[in-house]
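Presented below, as structure tokens, is a lone chain in the form predicted on its own.
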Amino acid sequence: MASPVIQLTQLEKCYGPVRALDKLTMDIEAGPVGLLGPNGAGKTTLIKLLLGLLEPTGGGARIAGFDPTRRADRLAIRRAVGYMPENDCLVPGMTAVELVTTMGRLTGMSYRDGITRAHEVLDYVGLDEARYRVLTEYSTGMKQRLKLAQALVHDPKLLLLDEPTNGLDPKGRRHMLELVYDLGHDQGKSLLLCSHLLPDVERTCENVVVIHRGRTLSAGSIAEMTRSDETWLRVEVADRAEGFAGGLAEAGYTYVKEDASGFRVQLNGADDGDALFAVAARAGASVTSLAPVTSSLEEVFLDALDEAEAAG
């Protein structure tokens, strides 16, 4: 699928006097991308517009190369895109195999292909032993995995995942994030992960788009967005930590002692950290760990929101 996988041009959506999306313009490239924003930012509205479930007030969008306002393209989108909704969308009285097979047939698969793929994706999400149980017997975690399975049945290249860890306990959340990471990194699928849990996005995505009041607030690589303007390293030493601290001061380093053996050290100019080993050796200490200090995605997100609020 050609890149970008999603293109938005002056996209608008109004609900009466409320403007949910305000001339939203951006390209989303292939790969795992997080969609972030506070409640009411327009995330769910955007997903529904991309799927053709809502009509835009103005502007346009393309997803996987198709225009969701055209009926023929909406049928193509159904075949090219997998959608895992936030809310419960399961049909009572069905078994997992029946539901996933039905979802496959709605994308144009034959019954034989649909049921074969249903078994494969249920195995993949860990529901192999519960595939013939009726859905009313499923726990919240099982329902979430089943929603992912139905999104995968037709093997789409692009996935729209709306709050996939919603309502999950820690074990279920970890399993879901492992599946999302595998899909986006090991299986090479493009995905748009909509979540209010920033650590989930940071763990599974490479890029992020932040929207606020229906507009793009920031977008880019998570690695770049969380990189500090100042270069700090977190250093752990074994033995003679106080001597190492004295050596840092003597060498002109700015540092913060975080615990008995850990330091945050600001590098000087073009220093890449190698000189810290010499400082430790002179003090009779040894460096056991050396890692860059970065901001969390949550810190970057909150800072961006604060700046937007201050700007009005």
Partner chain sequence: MARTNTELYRRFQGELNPRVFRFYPLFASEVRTSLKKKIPMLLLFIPPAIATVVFCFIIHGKYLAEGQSTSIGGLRGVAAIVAQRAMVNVEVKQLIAEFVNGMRLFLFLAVAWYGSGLLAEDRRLGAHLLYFSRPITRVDYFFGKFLTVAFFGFLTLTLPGLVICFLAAWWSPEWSFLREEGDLIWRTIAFSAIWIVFICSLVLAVSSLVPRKTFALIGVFGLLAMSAGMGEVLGELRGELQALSVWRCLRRIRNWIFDYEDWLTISFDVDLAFYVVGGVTAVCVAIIAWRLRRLEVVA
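Note that the structure is predicted; figures quoted are calculated from it, not measured. Numbering follows the first chain given and starts at 1.
Just so you know, the form predicted in complex with the partner chain exists too; it's not on screen, but the next bit is about it.
Contact with the partner chain in the predicted bound form holds for none of Ser195, Ser221 and Glu307, as no heavy atom of theirs lies within 4.5 Å. Annotated contact segment (heavy atom within 4.5 Å of the partner chain in the predicted bound form): 50 to 58, selected among 50 to 58, 249 to 257, 277 to 285, 35 to 43. Proximity of Glu137 to the partner chain in the predicted bound form: non-hydrogen atoms within 4.5 Å are absent; the residue sits far from the partner.
At the 4.5 Å threshold, heavy atoms of Thr226 stay clear of the partner chain in the predicted bound form, well away from it.
Contact check for Ala238: no non-hydrogen atom falls within 4.5 Å of the partner chain in the predicted bound form. Though the partner is left out of this view, Glu129 does not reach within 4.5 Å of the partner chain in the predicted bound form, counting heavy atoms only. Proximity to the partner chain in the predicted bound form, taken as a non-hydrogen atom within 4.5 angstroms, holds for one residue of Ile211, Leu191, Met103, Val208, which is Met103.
Shown here without the partner chain, the chain has Asp88, Cys89, Leu90, Val91, Pro92, Gly93, Met94, Thr95, Glu98, Leu99, Thr102, Met103, Arg105, Leu106, Thr107 in 88 to 107 lying with a heavy atom within 4.5 Å of that partner in the predicted bound form.
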